[in-house]
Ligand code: CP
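The chain below stands alone and is given in C-alpha cells; this is the form predicted alone.
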C-alpha cells in the first residue's frame, strides 16, 4: 500500500478534509475508542512546542497507542538536514538515516521544523519536512514547517464551523499583527487555507511589505473559489474588519527582508497599532464576531487581554480542537476503527 503523508492541508482533496473534520467531531463526542493499539508515533521536534506535543501524545494515549518524542541536540543527536552536507561540524545524525530508522520503529513520523536559513528561495521549498517524507517508509505528519502548519489549519476549520455554523458567505479577516520579532508564515498561510476550504470570504489585511508568498496566495484563492469563497488582500485593516464574522490576528515576518532582521525590524517599527482590540471586535458583524489565534500569543501586543478573556475569544477551543483533529488524522493514517457513524 502506498503511504500517505500529511504535509499541507490543500494537498488532500476537499472531500478527504471534510471526512477528517467529521471524524474529529465523532472523536470529540466520544464515539470512537481504541483504533491505535500497538501503534507507535515517532515525533521529531527540532523546535519548541506546547500544544502540538501535548495534543499528539494525548491523542495516541487516548486511542491505545504510544508516542515517543525526540529533540535533536537535546537527548538525541544533533541532526543534519542538508542532503549534500560534508558532516565535519557539529551535526552527528543525518536526516536520511534518521527517517529510515524511525520508520522501522514507528507506524508514523511527525516532524516540527521551523525555517533556519536566510534565503527564502531555499526555505520556501520546505526541504526538511519533504525530505523526511521522501526517506520515510511510513506516513509523515507536518507539525509545522517553513510553509505550513496543517494540523493547526484543521483545528481552525473545526473551530470556525462549531462557532459560525454554515460558513458559506461569511467573512474571515486574517490580520497581520505587530510582534517584537519576525515569525514564520506557516500559520497564517494555513489559517487562510482552512478558511478557503470552508468557502469563506477571506480578507488578508497586512501593511505594505508583508505579503505572503505568491504561491500561497494562488493556493488560497484557487481553493476558496473552488469552494464558493473568495480572497482579497488589503492594507485597510479597519475597513476589512467592518462586518467580519471572524478575526484571526497573527504575526509574521516580511518575506521581502527574510534573513535580514535589521531591515525587517525597521519596516515594522511604526506598526504597533496592528493589534486586535475591543474597539475592533465591536466593528465585527453585530459586534459578535469571533477572535481566533493559534497560540502562544503575546498578550497586549498581538491581542489585548480583555479580548482574549472575553466571550468572543475562541482561542482555547482552537487549542482543544488540535487534539481532536489529530486523533482523527492518526486514525485515518494508521488506525483501525469503525467508519460507521
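Numbering follows the first chain given and starts at 1. Since we're looking at a predicted model, the values are computed, not measured.
Omitted here: the form predicted in complex with the ligand. The next part is about that form.
Exercise. Examine residue 27 and determine whether its closest non-hydrogen atom to the ligand in the model of the complex is within 4.5 angstroms.
Key: Contact with the ligand, no.
Exercise. Using the partner position in the model of the complex, report whether residue 316 sits within 4.5 Å of the ligand, counting heavy atoms only.
Key: Output for residue 316 is no: heavy atoms all beyond 4.5 Å of the ligand.
Quiz prompt | Proximity of residue 41 to the ligand in the model of the complex, heavy atoms at 4.5 Å | solution = Although the ligand is absent here, residue 41 would stay clear of it in the model of the complex, with no heavy atoms inside 4.5 Å.
Quiz item: Could you tell me if residue 50 has a non-hydrogen atom within 4.5 Å of the ligand in the model of the complex?
Solution: Taking the distances in the model of the complex, the answer for residue 50 is yes, it comes within 4.5 Å of the ligand.
Practice problem: Counting non-hydrogen atoms within 4.5 angstroms of the ligand in the model of the complex, say which of 197, 112, 206, 148 makes the cut. | Solution: By the 4.5 Å criterion, the partner-contacting residue is 112.
Practice problem: State the residue from 303, 294, 291, 60 whose non-hydrogen atoms include one within 4.5 Å of the ligand in the model of the complex. | Solution: For this set of options, the contacting one is 294.
Quiz item: Among 272-280, 65-73, 303-311, 41-49, which stretch sits within 4.5 Å of the ligand in the model of the complex, heavy atoms only?
Solution: Single hit among the candidates: 41-49.
Quiz prompt | Heavy atom contacts to the ligand in the model of the complex at 4.5 Å, residues of 225-258 in sequence order | solution = Heavy-atom contacts to the ligand in the model of the complex: nothing from 225-258.
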